[in-house]
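Starting off, we have a lone chain in the form predicted on its own, written out as structure tokens.
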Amino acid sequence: MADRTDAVWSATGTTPDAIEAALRELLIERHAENNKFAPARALNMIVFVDREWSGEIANRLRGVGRYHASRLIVLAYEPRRERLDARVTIAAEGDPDTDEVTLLRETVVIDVGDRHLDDLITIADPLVVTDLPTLLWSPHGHEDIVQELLALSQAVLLDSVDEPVAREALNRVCGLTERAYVVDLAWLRSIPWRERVAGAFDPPRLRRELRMITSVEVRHHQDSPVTAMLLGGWLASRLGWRTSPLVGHGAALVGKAHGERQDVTLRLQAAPEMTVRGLEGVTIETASGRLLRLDRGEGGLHAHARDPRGELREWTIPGASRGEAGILGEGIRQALLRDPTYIPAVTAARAMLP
């Protein structure tokens, strides 16, 4: 069932203490109205966003469904703003007239200007639910703001694809990991591909062929070389390959990774016809003649496999794409988890940088 707005409070020229007091009062009123109302208490999320794009970001966050943060604090930045304005919304998940507890999720939107940037910690701190992890997201950059708000955060959400230069994207990730857990949407877009590649070699009789891989080609959106590098870095880190700088070759980056038995040819190929971010396809070949090819297609991933005898098999893996709303929802969920494979993949990917 869609969220139903239960309570709204707004004020102009307000203060962080007044906003926090309004939140507490609204929650008390909702619980007094029906004792089945209970505030969700899993995750805080702080979003710093340019105010002119706040509607777009709100729409993206509404699309994450059940992965919505328990308390969302949006700092909407408008450069020449002098006054601190705020709006608090409390929404109920489901129908309180049933026998089940109905969770309440809180959204606080605060309009801030240049004069408030030095006080963002003071503004946000009273609104963060203590003893809960906090996820920080600044979808339009503002690296200086991110560095400041890290004092309140345990996890940072970012999208390495947003960085125009792959080197800057990977260097930024490595810097942030020293202070917080990083959730990278570029990495999450590769989940279906990683799952299918791992699954293809999961049967015990095929696992030894992982050590016999001779070439990997990753086809990607022209603005998503980082996603391709991360997939290559994942394979390298999991299989013990040593990576080295790739070389530009037209619309591709090509080079070698060095395994225990043999070198592996790597090719990251841009696909200019691709209209959505992420990966378009992956092809893996082994010394025995086995081939696995996965291509993005209608209805899921289209898989092509050739065994060492030359026999071909084709099938479709349905439901592989989560869409951008699904990727963002998964990013919020990942703030409560820990993926031990990401940092090794980033490390291997950095070594591929031309």
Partner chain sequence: MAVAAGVPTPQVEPENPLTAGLERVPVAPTTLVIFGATGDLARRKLLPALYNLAHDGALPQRFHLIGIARKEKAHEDYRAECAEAIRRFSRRKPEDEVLTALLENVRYIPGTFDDESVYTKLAKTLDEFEQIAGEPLNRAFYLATAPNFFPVIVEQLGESKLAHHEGAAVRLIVEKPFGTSLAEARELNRRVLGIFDETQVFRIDHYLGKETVQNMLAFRFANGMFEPFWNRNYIDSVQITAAEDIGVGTRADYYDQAGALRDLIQNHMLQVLCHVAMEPPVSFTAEEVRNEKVKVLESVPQPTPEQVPEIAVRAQYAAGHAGGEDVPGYLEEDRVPPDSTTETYAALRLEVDNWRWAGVPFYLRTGKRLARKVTEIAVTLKPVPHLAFSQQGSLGVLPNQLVLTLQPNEGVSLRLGAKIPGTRMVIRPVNMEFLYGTAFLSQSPEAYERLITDAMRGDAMLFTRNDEVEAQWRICDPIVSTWARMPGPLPKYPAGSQGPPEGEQILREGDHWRAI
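It should be emphasised that the depicted structure is a prediction, and the values quoted were computed from it without experimental measurement. Positions refer to the first chain, counted from 1.
Separately, the form predicted together with the partner chain exists; it is not shown, and the next lines address it.
Interface residue among Val197, Val161, Ile123, Val128 relative to the partner chain in the model of the complex, by the heavy atom within 4.5 Å criterion: Val197. For the residues Gly289, Gly299, Gly55, Gly326, the 4.5 Å heavy atom test against the partner chain in the model of the complex is passed only by Gly299. The partner is not drawn, yet in the model of the complex one stretch among 207 to 215, 145 to 153, 74 to 82, 252 to 260 has residues with heavy atoms inside 4.5 Å of the partner chain: 207 to 215.
At a distance threshold of 4.5 angstroms between non-hydrogen atoms, Arg60 is out of contact with the partner chain in the model of the complex. Within this chain, Asp339 lines the site of the partner chain in the model of the complex, having a heavy atom no more than 4.5 Å away. Contact annotation: Trp234 falls within 4.5 Å of the partner chain in the model of the complex, judged by heavy atom distances. When the partner chain is considered in the model of the complex, Asp202 lines it closely, a heavy atom lying within 4.5 Å. Although the partner chain is not shown here, in the model of the complex the stretch 62 to 87 places heavy atoms of Arg66, Tyr67, His68 within 4.5 Å of it, in sequence order.
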